[in-house]
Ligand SMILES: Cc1cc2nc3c(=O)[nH]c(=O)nc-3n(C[C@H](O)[C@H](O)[C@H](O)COP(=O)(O)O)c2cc1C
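So this first bit is one chain, no partners, the form predicted on its own, shown in structure tokens.
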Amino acid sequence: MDGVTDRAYRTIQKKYGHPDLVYTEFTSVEGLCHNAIKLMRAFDYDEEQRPIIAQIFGSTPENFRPVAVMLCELGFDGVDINMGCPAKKVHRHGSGAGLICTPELAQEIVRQTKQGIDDYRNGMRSKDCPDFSSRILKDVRTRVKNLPKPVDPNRHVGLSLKTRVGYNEPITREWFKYLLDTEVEAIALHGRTLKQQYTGMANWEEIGTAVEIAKPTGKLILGNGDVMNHAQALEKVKTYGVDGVLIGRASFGNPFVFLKEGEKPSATIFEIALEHCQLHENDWPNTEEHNSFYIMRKHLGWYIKGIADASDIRRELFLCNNTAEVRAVFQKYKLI
């Protein structure tokens, strides 16, 4: 999730929630191929986060191939194509959920991404791709050099995509005819249309339809939408036959959402919030010119959601500029 699932966030989720896999923030292939060096930060990760999937988006097929080569080189366990983002700045350019309206383009994007994965296994590297600037290539070299252990070029790198049940109305059957005719191994389906954004309820009946259609192909189908805990995820698997469930917004400020029933948290939510603050500061230190801690404030709002005096505490937390100040607010309200 853009602006949310950075390295610090994923570290917290893996440590205290133990999800089976995590995704990076989705990143523009056009930006990466046009020297947007700041986008490379989305690919910060630690070994403890494996298996980790790099998610990308865009509408220019030829940009997906070199980016796929790069992501393989960086050691990711899989590449995921976002065909479901409902944000206007994404879909109005034909990316994200906008691809539902151009299924042939979506197919070509999958083909180019798969070709990039195959190119990597056949020896191609980022330095062989003319699409990247010298700054991007230098960043890639540094990241590869700093990997804790060399990655196996012959390892399996999965290819998946995430999408929605339709643009204005559910069209799962029509849309899936195109997706199932590609080389993706897994499709994650959010049970809302683009028009719905995140309003209303996710349509799990449409997700069940996707499972039925996909059975003959052997492709994995993951469901997504309105799942609030591990027990609900298991119920969706049982009821609709999905191979797995993705949890997104329910994890905001709540890594416990992934815990199995009866599994006890190993720390309080406020201790975890402080740890998250410190991890964020390590990755995004403040400078004299820029206060990077503002990015952390939304997370703090999520961590205290539903507690007594939440509005007063939130007001003070949103003025904090570092972990020490957050700790002082928590101590003032006897949260730690």
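Numbering starts at 1 and runs along the sequence shown. Quick caveat, the model's predicted, so the values are computed rather than measured.
As for the form predicted in complex with the named molecule, it is not shown, yet the points below apply to it.
- For the named molecule in the predicted complex, the listed stretch (87 to 95, 172 to 180, 68 to 76, 224 to 232) containing residues with heavy atoms inside 4.5 Å is 224 to 232.
- Just one of 246, 213, 187, 117 comes within 4.5 Å of the named molecule in the predicted complex, counting any heavy atom, and that one is 246.
- Contact with the named molecule in the predicted complex, defined as a heavy atom within 4.5 Å, is made by all three of 1, 82 and 252.
- In the predicted complex, the named molecule lies farther than 4.5 Å from every heavy atom of residue 64.
- Mapping the unseen interface onto this chain, residue 236 falls outside it, with no heavy atom inside 4.5 Å of the named molecule in the predicted complex.
- For the chain shown alone, residue 26 is a contact residue for the named molecule in the predicted complex, at least one non-hydrogen atom being within 4.5 angstroms.
- In this stretch, 155 to 171, the one residue having a heavy atom within 4.5 Å of the named molecule in the predicted complex is 162; the partner itself is omitted from this view.
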